[in-house]
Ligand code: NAI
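We begin with a single chain expressed as structure tokens, specifically the form predicted alone.
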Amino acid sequence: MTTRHHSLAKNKIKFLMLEGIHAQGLDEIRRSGYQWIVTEAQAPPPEQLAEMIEDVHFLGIRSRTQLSAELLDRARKLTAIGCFCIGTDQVDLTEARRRGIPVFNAPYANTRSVAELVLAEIILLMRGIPARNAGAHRGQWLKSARGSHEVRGKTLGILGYGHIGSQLGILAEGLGMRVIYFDITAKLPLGNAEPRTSMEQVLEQADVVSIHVPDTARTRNMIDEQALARMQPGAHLINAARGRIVDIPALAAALRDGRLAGAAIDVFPAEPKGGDEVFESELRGMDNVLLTPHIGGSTQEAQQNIALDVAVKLVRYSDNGSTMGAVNFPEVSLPDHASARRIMHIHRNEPGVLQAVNGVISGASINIAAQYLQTLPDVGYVVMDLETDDAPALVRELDRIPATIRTRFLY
């Protein structure tokens, strides 16, 4: 699919920002010279969104907006997508890449917020606060030390030792906890954390297990009946990662049977799409379970960090073509272009494309001041700084190359 190039001045570039994106991100875009910004507080239904995105160049969304291939087909001018959140499951990343649309997110901006929530849940679970709080609301006075423990000296097991898991380990050590972890990739320990060679070892040795892994085919229902049976009697489970990692019915059974003392769950296999939809779960009504509505990263600080991070990535791509941080696109870090015209050619990764691109340029007797190329198996991205006064004519020639997906040039 060849699409027409976009050579628009900043005041003609339209940003559509959905789902109440934090003002910090909007301010950053405006400071960069872009004033045409349309905002919506909610995620529009698909039929309305299809109309809204027809003339949009940059689209900002959060987790509720679903971007399918059909919707992307309606977005003829769409240049990039910003997911102002951690995950990108709501976007068909492959179809976006095939249309020459990079997708950016903020994978680490809420790390501290999630780690702090989990740390608080560890203390609350170990002290038996959920059940005592629920009892007090019913008029019961459960003043007893039974089942209540300090976290000092206890073992925290972390499954997934990435940015969140490793920071959680450092915070937990500050409370005197012993930290063990397992990750499918070898990770150097921070502080006094100790690696384990299998998930099973962590489950068997930890007083509290906290999950921090991505949603993949390998991790779905990773914590099932067999995994839960390996946990120590009276242990606690925390999941603030992804909803499909824990088999919720199996967890509910382990809690009812008293094999586990408690759990804290922030993410679920099926979650309400809005505040007016009823939350359903087998864990509802259990006094020893903390249920939170997917708020691990929902702090003002995290939302500010996310908004600024993604806004900067969108502006950088618009201003100079840099794609660092794109989750579905060849990543190229580019310097600013002072005098030469910058042309960006997105193409299917087929033999001979770069030769054809350079042939067009040499045929026009244009000097290449700089050239940058990066590829993925199906898509290539070449950026050229050219000494020419007629970039539009050159772009038209590059668009005629059969493998072209999209060609852009910057003023």
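The shown structure was predicted, so the numbers you read here are calculated from the model rather than taken from an experiment. Heads up: residue numbers just count along the shown sequence, starting at 1.
Only in words, not in the display: the form predicted together with this ligand, which the text now covers.
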| remark: The stretch from 120 to 128, 307 to 315, 103 to 111, 273 to 281 that lies within 4.5 Å of this ligand in the predicted bound form, judged by heavy atoms, is 103 to 111
| request: Verify the contact flag for residue 219: yes if a non-hydrogen atom of it lies within 4.5 Å of a non-hydrogen atom of this ligand in the predicted bound form, no if not. | output: yes
| message | Check residue 182 for me: does it contact this ligand in the predicted bound form (non-hydrogen atoms, 4.5 angstroms)? | response | yes
| For residue 160, is any heavy atom within 4.5 Å of this ligand in the predicted bound form, or not? | yes
| said: I'd like to check something about residue 267: if you look in the predicted bound form, is any of its heavy atoms closer than or equal to 4.5 Å to a heavy atom of this ligand? | reply: yes
| message | By the heavy atom within 4.5 Å rule, which residue out of 83, 203, 213, 237 makes contact with this ligand in the predicted bound form? | response | 213
| Just one of 208, 241, 246, 177 has a heavy atom within 4.5 Å of this ligand in the predicted bound form. Which one? | 241
| remark: Contacts from 355 to 381 to this ligand in the predicted bound form (any heavy atom within 4.5 Å), listed N to C, are none
